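Next up is one chain by itself, shown in structure tokens, the form predicted alone.
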């Protein structure tokens, strides 16, 4: 590492690597740092991505594609199941290889990539972010930058040090746990991602079963952090696994949390931009954030590169990034947030009944509006809640 760069990106997840690549491709002297000694580990997600969106940022490679998904299913606690195709081709990826390749592409574009390098402080000059204090192998040094990209995940320290409001209310924070389970052959469909919902199984959230191979699967849960009276996320996951997959082997354990609020209202400040989970860009319904984080990084650097060329990286100069994000994803995130709120407040019997009714419908030939009208006839209590979906236009697409 040198004493100064034009751009420093903190965090080498998908969003950080895309940000570093875009900066380097623009000819900017770029440093990408990752606090862990190995990029892509530990894995803290279910690893499903939309194939079309992913291919905007990296070419398809069978080395990091573990499963190709043809169907999604949603089941209630009684076992009723709704099965639908994905809205775009879907892959379950190996994040360790996937993240490494994204960082490798950034390095090939000209970015300097350094692991085992933790950001321990934010430098300021004339009120703006001007660099990062980095600790590596017991040694600490200050590295200056004209623009800093915070891509250091949901617990982003860089964003907090910059004064951005990043802490959501407990009701808008998912607590999660995930196992990589072995001995799963014959217990799942290798081309289907499963969701399981129900307040007794996953209060305020959901469980998932995503195939990783013919014999392994990511099996996990998220629950809202304000609904832990019945136990931790891992307690609920243990009960689910014991009931559905007795005799399976736990090959890996991941725990963590993620905000489910939609993007930060303020994602930039003087000399600094946030992307990916650091900007809370994950889907506020499912908490999926790989593709969204890469889109956020791409948008941020479109604005950041021009700001650097003009010699103005003030918050005002960087704010078009926030507008770009809001125009593309703002309404969708608002609708998904409202759906999550609606589901968490719904009577458990009503939620079970909706899935039971939907499981009997020919979803392939019905429009979303027709599906909603059928469900409203069975459950008119949903009428007021459904107004949110109508006003956002979500059900009309």
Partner chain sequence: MFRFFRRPPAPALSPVLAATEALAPVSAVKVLIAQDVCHHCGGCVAVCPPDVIFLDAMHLTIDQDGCTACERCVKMCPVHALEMAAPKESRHARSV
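Small disclaimer: the values here were computed from a predicted structure and weren't measured. Positions refer to the first chain, counted from 1.
Keep in mind the form predicted together with the partner chain is missing from the figure; the text below concerns it.
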Answer for residue 36 alone: is it within 4.5 Å of the partner chain in the predicted complex, judged on heavy atom distances?
-> yes
In the predicted complex, does residue 157 have a heavy atom within 4.5 Å of the partner chain?
-> yes
Hey, in the predicted complex, does residue 253 get a heavy atom within 4.5 angstroms of the partner chain?
-> yes
Indicate whether the partner chain has at least one heavy atom within 4.5 Å of a heavy atom of residue 168 in the predicted complex.
-> yes
Among the candidates 161, 195, 100, 295, the residue which, in the predicted complex, approaches the partner chain to within 4.5 Å (heavy atoms) | 161
In this chain shown alone, the residue from 233, 219, 92, 299 with a heavy atom within 4.5 Å of the partner chain in the predicted complex is 233
Taking 261, 284 and 337 together, does each of them reach the partner chain in the predicted complex with some heavy atom inside 4.5 Å?
-> no
Stretch from 326-334, 347-355, 56-64, 41-49 whose residues place a heavy atom within 4.5 Å of the partner chain in the predicted complex | 41-49
